[in-house]
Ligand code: AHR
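In the block that follows, a single chain appears as structure tokens, in the form predicted alone.
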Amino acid sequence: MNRLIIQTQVTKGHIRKDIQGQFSEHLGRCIYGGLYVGEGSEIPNVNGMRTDVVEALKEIRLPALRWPGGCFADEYHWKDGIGPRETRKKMVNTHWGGVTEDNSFGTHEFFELCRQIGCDAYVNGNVGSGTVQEMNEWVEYMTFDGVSPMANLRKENGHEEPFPVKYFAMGNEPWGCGGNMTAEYYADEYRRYQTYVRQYGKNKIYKIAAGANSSDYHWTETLMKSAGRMMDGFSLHHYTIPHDWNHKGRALGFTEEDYFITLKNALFMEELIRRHSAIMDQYDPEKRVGLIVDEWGTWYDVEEGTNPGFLYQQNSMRDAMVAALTLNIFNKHCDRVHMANIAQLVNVLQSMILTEGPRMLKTPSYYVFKLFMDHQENELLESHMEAPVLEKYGVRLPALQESSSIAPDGTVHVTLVNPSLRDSQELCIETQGIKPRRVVGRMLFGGAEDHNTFDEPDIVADQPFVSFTVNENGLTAELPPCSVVHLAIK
């Protein structure tokens, strides 16, 4: 029998809630129609924000939201998105579909969205096509509580108090769409730009450097050596695709082999974090600088008939498995991973939510975040899984994967993944240090291609998990194939 040993009195690190962060970019229908419909819309809204979407995001305790990009961030000029909407400057979104951006969703609207959701703001500044002065003035506009040109402008635009900015990044993907820079050049640019991201009053900004593209370890070495002491966080981008960038495959209609290859590629996140962390450890042995995985998730070919620049794709149980495997990896590396932001929140890539006019549905990935939310702000527990390797199509996957944490009230939370498509897995869980009195389980399971549609929005959803027996040393559980299970053990 498979065996999981949890040492409930041995902690290994703090799981920050922001590991379950999200990403919203001016891309396709993420902002317009997904999050924001305007005050005059017939779709129920509060100050222009879709009520159904906001309520769904509050339900999963969305902790931090990244905006306005992504590639869009390095062509976004913030002053175009403030003041009366009818006078705001229009622009062409050259990165994503060549559509007109009317800037009706700007700084004030973003912070109103964060206020309604109850999440922290992660703002991405423009280094690629912007200036130091522009970034300096934006930070002053958002956070200065006093008399100054930018603070006065904010007040004239209807917001007397400063906006709470928790995270601020200097640029996005400077190695690519953010300027095609070398690591050495960007390191100098980061040092210069961050100097003018001032700390005003009580607001303390967590400064993030634009980090590596997947396995570019030279980028990490260069940035940490040159500017590590000037940053609080260092980003990492990695997307999971079944094959290669020219043949990403379909979100639905994939083969069993595609399924296993996709999960194998998702597990590559473990190696990426381990190797980037090892480099960071050389220059930051105390682990002060956080690894910020602010773009991750699945990326397939767009749905047939949709704008190829909008990156709209369906979301199935395969995506749910990728999300669960990845979140468990983040938990296990919480000593270095301070925040992560899946791409993206609504209607783009591995979304939590899909919308179509007034209709809205929650995806399988959404329900994974719901199952994981009780890990937020817990202490990671020492745990060890004894399970065989699942081998198929030349792919090797763990037969079971998990992470475990303990909440302030003493409840032990365990999230388990069974990636097999056909075989259930029996698991003996030993909770060393406590004798379970009460266990509550929730699960998500189904076929690899199971997904929700606007006509049938509840095909895949979390439900009670009761296939377990409590004993003196822990419990024995049977996990169905293609499943994610959350156990709360008291």
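Start at 1 and count along the sequence shown; that's the residue number. Every value quoted in this text rests on a predicted model; they were computed, and no experiment measured them.
The form predicted together with the ligand exists for this protein as well; it is not shown, and the discussion that follows is about that form.
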Of the candidate stretches 337-345, 162-170, 319-327, 197-205, the one with residues having heavy atoms within 4.5 Å of the ligand in the predicted bound form is 337-345
Using heavy atoms and a 4.5 Å limit, would one call residue 362 a contact residue for the ligand in the predicted bound form? no
Although the ligand is absent from this view, report whether residue 260 comes within 4.5 Å of it in the predicted bound form, heavy atoms only. no
Answer with yes or no whether residue 189 is in contact with the ligand in the predicted bound form, where contact means some heavy atom within 4.5 Å. no
Residue 71 within 4.5 Å of the ligand in the predicted bound form, heavy atoms: yes
254, 111, 144, 299: which sits within 4.5 Å of the ligand in the predicted bound form by any heavy atom? 299
Checked 78, 239, 283, 310 for heavy atoms within 4.5 Å of the ligand in the predicted bound form; positive is 239
Neighbours of the ligand in the predicted bound form among 19-42 [non-hydrogen atom within 4.5 angstroms]: 23, 25, 27
